[in-house]
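First comes one chain, alone, set out as structure tokens in the form predicted alone.
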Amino acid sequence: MIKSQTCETITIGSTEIMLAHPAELPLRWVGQKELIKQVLAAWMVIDEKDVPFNPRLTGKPGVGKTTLGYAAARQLNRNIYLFQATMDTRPEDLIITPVMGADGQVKYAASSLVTAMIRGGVCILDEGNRMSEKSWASLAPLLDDRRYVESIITGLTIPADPNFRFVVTINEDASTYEIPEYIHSRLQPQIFIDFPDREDELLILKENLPFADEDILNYMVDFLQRAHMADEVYSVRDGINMARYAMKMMHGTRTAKQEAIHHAILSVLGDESLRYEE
């Protein structure tokens, strides 16, 4: 059952703006606790003249960058807002967009990022290097000591609450833009998330699939560890998907365990992945 949510509004100057809802995700970071400490250290303010860093979480797709940012934000006990960047994200999408209200009148909606700024929450900008330079340029004053954004649509300058924190995830793959240097220098420090070791990888699979067969989980972890050694991009997310599909085949079609594992690997990752089977 979907519960209706009342849209919260705020007035800035004479302009009424609808705010976004915080994200409530079933994410829990498992293992590598040092990485959470690094994010929290970047967000610290140690003097009245100090400002928080805007860390960038870098790594291959599926290693848990978004989960890490979410887990660190939970430690601050503040509302968390997620903005998914895409190649067609526009500057106004990041700040304030006009929308047509039920009464036929134009209204203004704040992005999840601007809502986090206003409410003193945490914004996770996911897959930030999918955005163009034009979109990044609109965030330049937010990411330095000025800490504000300008809305061309409304003509407003919106300052960030002192409690606002920002983190961006960066995928190491070829389907992305190069982040301009003047933005790159504002996204500091870089925190690199590598593939987990076997123990942590097994804990992650168990956390996500508590109902799964132990043999299947161990097989998938060994499969992933062999792939990591060969510098493949297969991630723990792939392991979760393969294990889940194998379990569904065993229960739904009475497929034997080893056959289900083989078919799951082939279906999720393709022919090239079969070299890492035992």
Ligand SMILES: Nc1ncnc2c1ncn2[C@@H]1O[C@H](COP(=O)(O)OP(=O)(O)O)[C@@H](O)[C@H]1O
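Throughout, we count residues from 1 along the sequence that is shown. All values derive from a computational prediction rather than experimental measurement.
If you look for the form predicted together with the ligand, you will not find it shown, but the lines that follow are about it.
The three residues Lys60, Ile204 and Ile240 all sit with a heavy atom within 4.5 Å of the ligand in the predicted complex. In the predicted complex, the ligand lies within 4.5 Å of some heavy atom of Thr66. Although the partner is absent here, Val236 is a contact residue: one of its heavy atoms lies within 4.5 angstroms of the ligand in the predicted complex. Contact check for Arg28: a heavy atom falls within 4.5 Å of the ligand in the predicted complex.
Using a 4.5 Å cutoff between non-hydrogen atoms, Asn208 counts as a contact of the ligand in the predicted complex.
Of the candidate stretches 41-49, 214-222, 248-256, 28-36, only 28-36 has residues with heavy atoms within 4.5 Å of the ligand in the predicted complex.
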